[in-house]
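A single chain comes next, written as structure tokens; it is the form predicted alone.
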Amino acid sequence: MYVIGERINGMFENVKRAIQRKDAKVIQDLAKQQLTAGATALDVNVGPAAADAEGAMLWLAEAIRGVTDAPLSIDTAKWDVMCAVVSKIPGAKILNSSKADPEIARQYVALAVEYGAALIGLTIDSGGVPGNAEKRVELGAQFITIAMEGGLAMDKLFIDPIILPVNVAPQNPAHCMQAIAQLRLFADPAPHLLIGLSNVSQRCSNRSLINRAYLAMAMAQGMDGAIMDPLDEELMNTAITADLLNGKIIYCDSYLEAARHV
């Protein structure tokens, strides 16, 4: 399971304060805690913490690079910011993210290839978030084709079928799982299939339970990545156990501990 830790995000008050005060220790501690808990990569999102998104993103990346060379997911919806920072952030990178509109997708694929980065492609276009599984599959397949034509390897492409809160869009979680199962068949090897897990439970009661249940269900359909909170120990235990039951790891009585030390 490819876990992108979600906690370095200016939406969180402690991160927002750290960005505004240039308190690198807070950011570095969060980076180390998430990686120790099992994260593969770290999402880096300025959010509403600074007017200078480019400067804040570079400061965050510099702080994190002081303690780890783990892949960084550059999380910004602004093309100009992405272009400005991608060449200045050292080490492995994931561009998070591109819509599936062909012109936009081609730009992001070219940028990812130029800098040897991975790319998260969203199954969303100018029409917005699809209301069914079929449109998600259509847009995901379109993104896969554009990536292949642009020279982006499938192991560097993450397709995100866009999970919405279950209290707002009750059928959306099922649509996403259907899309995940089908999109795995469009290329060999398949791209990664990924969601922003915490969105499914936004503004819901029992958030941790909803996140854990949906993670296991989506992994059974072939999802192999998520932007999620690795500091939620039970959530990480669910991911490891789902990998076990899907035949990705071999059972031993201490499989939880063993998986964290691979």
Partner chain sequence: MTTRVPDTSEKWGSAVNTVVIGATAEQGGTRTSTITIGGAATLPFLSFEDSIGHRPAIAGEVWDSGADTWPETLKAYGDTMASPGAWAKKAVEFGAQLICLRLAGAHPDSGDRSAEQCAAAVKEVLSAVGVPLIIWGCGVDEKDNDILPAVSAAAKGENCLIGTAREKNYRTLVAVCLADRHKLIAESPLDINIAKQVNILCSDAGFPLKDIVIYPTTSALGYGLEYVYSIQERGRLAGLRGDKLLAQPVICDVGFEAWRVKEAKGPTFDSVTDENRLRWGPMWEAATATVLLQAGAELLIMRHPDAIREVTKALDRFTTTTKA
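What you see is a predicted model; the values in this text were computed from it and never measured. Residue numbers count along the first chain shown, from 1.
Keep in mind the form predicted in complex with its partner chain is missing from the figure; the text below concerns it.
Engineer: How about E13: is it within 4.5 Å of its partner chain in the predicted bound form, going by heavy atoms?
Structural biologist: So E13 does not count as contacting its partner chain.
Engineer: Check whether L245 has any heavy atom within 4.5 Å of a heavy atom of its partner chain in the predicted bound form, and answer yes or no.
Structural biologist: L245: no contact with its partner chain in the predicted bound form.
Engineer: May I ask you to list the residues of 235 to 257 that have any heavy atom within 4.5 angstroms of its partner chain in the predicted bound form, in sequence order?
Structural biologist: Result: I250, Y251, C252, D253, S254, E257.
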